[in-house]
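Before any questions on binding or motion, here is one chain by itself as structure tokens, the form predicted on its own.
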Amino acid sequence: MALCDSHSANALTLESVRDSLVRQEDTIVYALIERARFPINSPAYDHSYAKIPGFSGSLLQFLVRETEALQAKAGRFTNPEEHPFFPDDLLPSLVPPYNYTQVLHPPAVFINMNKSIWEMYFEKLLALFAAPGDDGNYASTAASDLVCLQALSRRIHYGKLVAEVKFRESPQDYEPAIRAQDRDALMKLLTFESVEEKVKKRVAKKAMVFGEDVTLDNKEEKRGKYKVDPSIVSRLYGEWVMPLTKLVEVEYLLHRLD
């Protein structure tokens, strides 16, 4: 369930949120597959490569900043589900505002995990699924990175909605830990290892289904070869996506009674 859907805040349910999270898995897997078309292409991240007049940074940073600035003018970041990586560089929206359903508690607007997502993606994840090498497609590579980053950001920040619906369904379970500002207790309440294992298996299966090479002959040599290793997608969710999502949930709940 998205905040821009034509539902009232009372229609928010754990099932509707889970349906959205499952659908976002598809987006993330497809984004990784598209990025895997290109090798690492390290000049895209080298601050000394682009030398863009009036800009100090890498080609990737330039593309992300400029793209977000354009998307901001088109109204993208008026949607509470969207979180910019460079919020200080955004311009006001030039389009009529949409009246999004007010679902989240007001302090949610201050929660932005994109710095951690950026570091995770470039320092840990990218080298796991992008092949070494340089094919010169630096702008296309950076654009693919941005698609991955925005998909991961939306998924991880959806933890705000997860936390809200869980709180609404069982406020008595969460209020003592919130009043005590007990992060560990909240994290324990939010952790369901059996569910997390199912998610890891599901996203690995999707990587297998979406990323297997399709041929029209009967040869078997390509079977079992995938555009992105399914185990890496499972690891992405197990080590980074779900832990970061739970951090968002905890931060949201800590201020739920403000």
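Start at 1 and count along the sequence shown; that's the residue number. Keep in mind it's a predicted model, so treat the numbers as computed, not measured.
From this point on, the text means the form predicted in complex with a further copy of the same chain, which you will not see here.
Across the proposed site, Gln172, Tyr237 and Leu247 without exception lack any heavy atom within 4.5 Å of a further copy of the same chain in the predicted bound form.
Contact with a further copy of the same chain in the predicted bound form, judged as any non-hydrogen atom within 4.5 angstroms, is confined among 72-80, 117-125, 175-183, 159-167 to 72-80. When contacts are judged by a 4.5 Å heavy atom cut-off, Ala50 counts as touching a further copy of the same chain in the predicted bound form. In the predicted bound form, a further copy of the same chain lies within 4.5 Å of some heavy atom of Asn137. At the 4.5 Å threshold, heavy atoms of Asp26 reach a further copy of the same chain in the predicted bound form.
Heavy atoms of Ala108 never reach within 4.5 Å of a further copy of the same chain in the predicted bound form, leaving it off the interface. With the partner removed from view, the residue among Leu90, Met113, Met187, Ala143 that has a non-hydrogen atom within 4.5 Å of a further copy of the same chain in the predicted bound form turns out to be Ala143.
Of the residues in 30-50, those that come within 4.5 Å of a further copy of the same chain in the predicted bound form through at least one heavy atom are, in sequence order, Tyr30, Ile33, Glu34, Arg37, Phe38, Tyr49, Ala50.
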